[in-house]
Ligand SMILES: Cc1cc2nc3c(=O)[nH]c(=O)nc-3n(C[C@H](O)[C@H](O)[C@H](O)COP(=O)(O)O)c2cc1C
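Only one chain comes next, encoded as structure tokens, the form predicted alone.
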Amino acid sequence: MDKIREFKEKTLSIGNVNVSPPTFLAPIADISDSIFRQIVKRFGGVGLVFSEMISSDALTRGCEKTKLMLRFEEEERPIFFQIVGKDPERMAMAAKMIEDIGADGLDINMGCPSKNVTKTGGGSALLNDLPLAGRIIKRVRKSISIPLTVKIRAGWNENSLVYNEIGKIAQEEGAQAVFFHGRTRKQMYSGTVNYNWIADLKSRLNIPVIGNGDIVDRETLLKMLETKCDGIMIARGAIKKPWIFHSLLEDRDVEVEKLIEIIEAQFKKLVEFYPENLAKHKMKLFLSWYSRSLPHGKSIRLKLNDAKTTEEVAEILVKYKSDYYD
């Protein structure tokens, strides 16, 4: 475990932002809002957090829901915001708006596999149009002075692997790091991450390469570190266990009672900050994920579909506590 100890003490520089340890909370749609990021930060072990993926079209057209995604607290720093889209000018406009709110850095999403994103030409769809991807990176780089990074996948499918090409383009057009999820778009989240692809890209670029995919415990962390990547990013593992960065680096888990306290506090903040329908949606989403780290968590998930209000979602947790812990 000397590798983990060495990794924990490492500092990674992305432009003028120093990240120590070089661990990153991924941009996760509907999940990595300010409230969740604060929870992860308070557990420790995470060097930098990301916003949710933000549509450049929605942001620049004044969407009210999107404006809520811009909220952050000083304790979350350093924080990067991520934007997605296919129009270079609108992406540049969105990037400048992000810089103006005080973000520490900006990331361009060129890896999201969601059909809702790719059907409009954004996310991993850009891996099928590398000239356009290059124009977007170049235009965004010119519009901001804060650090710029790009998040990618390996390609649309295994017959069209372009990670080396897009990595080189990102580097040449001024990106200061690449976050690489070692899967293709076709894979979505199935199968396993390909560590060889990540190691290959790392060997070819001069800018940092941060490995992403399948990091859930110290064993998988070590596998990722064997690629010689400069840092690691976690998404799904952090939704189940927001303390995952701390547990990976310190080899300590969190007690069930502590997780329940976290959920209760988060629910309270969600109700205070969001409109009822959005708060209910987020409560159900978080509780569904968290329940995977709770004994008898399936009993929670079986009841979530029937919950129609925030109060009914909260009651599911109250009932769970009375059944198993009171």
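Predicted model only: the values in this text are computed from it and were never measured. Heads up: residue numbers just count along the shown sequence, starting at 1.
Omitted here: the form predicted in complex with this ligand. The next part is about that form.
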Please determine whether W289 contacts this ligand in the model of the complex, using a 4.5 Å cut-off between heavy atoms. yes
Using 4.5 Å between non-hydrogen atoms, is D214 touching this ligand in the model of the complex? yes
Would you please decide whether P27 lies within 4.5 angstroms of this ligand in the model of the complex, comparing each non-hydrogen atom pair? yes
With the partner left out of view, is N109 within 4.5 angstroms of this ligand in the model of the complex by any non-hydrogen atom? yes
Between the options I234, A103, L148, M91, which residue brings a heavy atom to within 4.5 Å of this ligand in the model of the complex? I234
Given that this ligand is left out here, which of M53, L270, I263, L48 has a heavy atom within 4.5 Å of it in the model of the complex? M53
Of these, 68-76, 137-145, 161-169, 206-214, which stretch puts a heavy atom within 4.5 angstroms of this ligand in the model of the complex? 206-214
Relative to this ligand in the model of the complex, which residues of 162-197 have a heavy atom no more than 4.5 Å away? H181, Y189
